[in-house]
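A lone chain, given as structure tokens: the form predicted on its own.
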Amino acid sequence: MTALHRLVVALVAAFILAPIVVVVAVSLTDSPIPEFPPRGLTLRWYAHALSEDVFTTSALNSLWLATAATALATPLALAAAYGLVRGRFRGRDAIQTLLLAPLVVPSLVIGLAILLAFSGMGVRDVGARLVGAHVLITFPYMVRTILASLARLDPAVEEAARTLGASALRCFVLVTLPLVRPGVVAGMLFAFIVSFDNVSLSLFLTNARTNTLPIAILNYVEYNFDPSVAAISTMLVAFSLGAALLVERLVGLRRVVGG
């Protein structure tokens, strides 16, 4: 790598990380309003954020919602990805494009469409509407990562297991699933983060009594201007980073991307 390449990489990294550094610094300021650079350091905004019922309640809502959406999307995505990779049928590429379509369709369009669909079907329960919508937006991320793992799996391994007398189900559970585990776990991580941080879908489907954390943050900054939101954002960044490091340690994200 030449000096110019190193400089470009450093500039790109700085451009990406600079907003995070600013948010972390603002979360530590002792000023009653966000300011950068901070004149003094304190952790009181973290305590203030954790003491606000609106944040803790909405965080729990986002937690159970992301968990439920990921749990429901995982078997669906695994079945879809396996069928697309191992299946031999006409229209396979069209079906794959359709399953991955939510990745390119604007989230606002999806949110409005889901709201209209649920209203037409008479689905009034906020929890059911949120879970259904979040399964829809997390499903493509899981399909994509599992497809990448399955595409690198040599079919001869499965054929050898079948030749030795393993049934199709036994071969899938004992051979295929352990080999694609990095893709499944990485997909679950991506799905959880996408669901937990989603704003556009939740904006259409929540109500005053069932808010997710991103919506609660939006409502809070509408009437308040203090570093509490920066403190929450810093905790979310730390949580996402910790989850990624945990998955890297357990299964290795490099295996998912072929590194």
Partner chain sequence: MRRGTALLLLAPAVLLIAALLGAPLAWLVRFSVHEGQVGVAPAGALTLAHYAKALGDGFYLEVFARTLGMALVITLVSAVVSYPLAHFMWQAPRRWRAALTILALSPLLVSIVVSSYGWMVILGDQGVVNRALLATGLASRPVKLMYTDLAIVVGLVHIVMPFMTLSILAALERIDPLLGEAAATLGAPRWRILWHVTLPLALPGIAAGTTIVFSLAISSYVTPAVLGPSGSNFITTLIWQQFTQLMNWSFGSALAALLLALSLAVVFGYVRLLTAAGVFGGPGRGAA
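Numbering follows the first chain given and starts at 1. As the structure is a prediction and not an experimental result, all values here were calculated from the model.
Another form exists, predicted in complex with the partner chain; not displayed. Remarks below refer to it.
When the partner chain is considered in the predicted complex, residue 66 lies well away from it, no heavy atom lying within 4.5 Å.
Mapping the unseen interface onto this chain, residue 50 falls outside it, with no heavy atom inside 4.5 Å of the partner chain in the predicted complex.
Although the partner is absent here, residue 203 lies within 4.5 Å of the partner chain in the predicted complex, judged by heavy atoms. Using a 4.5 angstroms threshold between heavy atoms, residue 35 counts as touching the partner chain in the predicted complex.
Of the listed positions (166, 126, 150, 95), a single one reaches within 4.5 angstroms of the partner chain by any non-hydrogen atom in the predicted complex, namely 95. Taking the partner chain as positioned in the predicted complex, the residues of 101-123 that bring a heavy atom within 4.5 Å of it are, in sequence order, 101, 102, 104, 105, 106, 108, 109, 110, 112, 113, 114, 116, 117, 118, 119, 120.
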